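What follows is a single chain, given as structure tokens, in the form predicted alone.
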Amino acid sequence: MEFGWTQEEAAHRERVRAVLARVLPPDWEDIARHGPGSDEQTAFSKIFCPALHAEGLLIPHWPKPYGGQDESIWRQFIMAEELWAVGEPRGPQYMNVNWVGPVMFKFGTQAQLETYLPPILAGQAVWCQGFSEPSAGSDLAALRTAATPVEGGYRVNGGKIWTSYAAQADTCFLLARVPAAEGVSSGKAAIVILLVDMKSPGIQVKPIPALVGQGDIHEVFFDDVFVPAENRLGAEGQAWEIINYLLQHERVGIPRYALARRTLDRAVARLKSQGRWDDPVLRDRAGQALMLCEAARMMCYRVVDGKARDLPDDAFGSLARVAVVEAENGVSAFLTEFMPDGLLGGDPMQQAHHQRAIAAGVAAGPAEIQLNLIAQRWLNLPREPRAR
């Protein structure tokens, strides 16, 4: 099998690198250390994304009618690798180009496209996902946030937790439940998706201090928040279809192994310069970490290849997600054991990687849930009956 890149793809990668070398400021690594949801990185994203768009690199994979160039998914992924390898200068705006836009193309109304796409193209839009709740983290079908139909729209009451970028967000992609009533289904069919203006009266955002970076996770409370009917995405009962489509884009849009590999390479270069590379145990552990990064890369490429050829989605996406988590954790463990000074402040990118490695196991679906999906959908193992 040929794993090389075409001349055009290699040139595309070099072009992205050239733009990064020109646009990233001298203190970029210190900015990246704070995390994608920090004030610093969010502010820089509103400088970087317009610059990327001016170069024709923000949304080349989008369809031409929506401002893109109909480029292949490989072009998108090459760019994502390069951006994540330096700490993701798009900040929280990576979500816009990875899945917010594509979901809008497929399910949004013309009015919604006209409202939400221009700020994304301008590089000024920040979104958050209102998914997890204290009692419905991995089981979204158990969510309780209520969207009660009223004249002209919905009244939303409830709370979300672990919501990334909420303090910075303009819009929340909110999942809520329409209360049971005559003619209204229960379970997944009762979930509705609302595009909520985060400046709406009744919304309260509380940051949650965490190791994954500044401003990355929050609690969000909705107290009788009015959402106009035109801000509903899709029909009532269609939410699960939209969520599955969204997750297909989100889970392959973040090549986290790229930052892990770059951080590992930097660490190995420093170890060599310090005369420590002759240690056989150290070299063996570094080799194991490298193997995990390369395995994750190849598995992600398999998923991207399937999308490039319009093959049906299968459970391999979950395998790739777990491989990425293993790579992140493997590199983080190696660096913590052999280069703790970098984690303690000697290397801002090592700090950035450590934060992102923590998040890798929970973002876009916890690794434990992915293992369950692998068991059921890839290995065809029976589900264990629930105890009564």
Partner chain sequence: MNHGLTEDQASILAGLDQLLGSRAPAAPTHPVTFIHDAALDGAIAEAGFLDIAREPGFGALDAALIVERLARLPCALEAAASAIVAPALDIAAGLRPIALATDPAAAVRHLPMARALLYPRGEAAVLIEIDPARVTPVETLFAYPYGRLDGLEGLAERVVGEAATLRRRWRIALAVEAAGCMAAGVAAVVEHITTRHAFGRPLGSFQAIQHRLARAAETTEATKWLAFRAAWTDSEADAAIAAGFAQQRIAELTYDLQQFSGAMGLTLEFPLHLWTYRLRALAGELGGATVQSRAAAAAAWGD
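Numbering follows the first chain given and starts at 1. Since we're looking at a predicted model, the values are computed, not measured.
Note that the form predicted together with its partner chain isn't included here; everything after this is about it.
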* **Option from 230-238, 94-102, 152-160, 274-282 whose residues, in the predicted complex, bring a heavy atom within 4.5 Å of its partner chain** => 274-282
* Structure fact -> Assert contact residue (its partner chain, in the predicted complex, non-hydrogen atom within 4.5 Å, options A286, L121, I191, L246) equals A286
* Structure fact -> Contact with its partner chain in the predicted complex, heavy atom within 4.5 Å, among L57, V322, I31, M349 goes to V322
* Judged by heavy atoms and a 4.5 Å cut-off, are A51, I254 and G345 together in contact with its partner chain in the predicted complex? -> no
* Any non-hydrogen atom of F221 within 4.5 angstroms of its partner chain in the predicted complex -> no
* Is L290 close enough to touch its partner chain in the predicted complex, meaning at least one heavy atom pair within 4.5 Å? -> yes
* To do: Mark F226 yes when one of its heavy atoms lies within 4.5 Å of a heavy atom of its partner chain in the predicted complex, and no otherwise.
  => no
* Asked: Does F107 reach its partner chain in the predicted complex if we count a contact as any heavy atom within 4.5 Å?
  -> no
* Judged by heavy atom distances of 4.5 Å or less, which residues of 300-335 approach its partner chain in the predicted complex? -> Y301, R302, D305, R309, F316, L319, V322, A323, E326
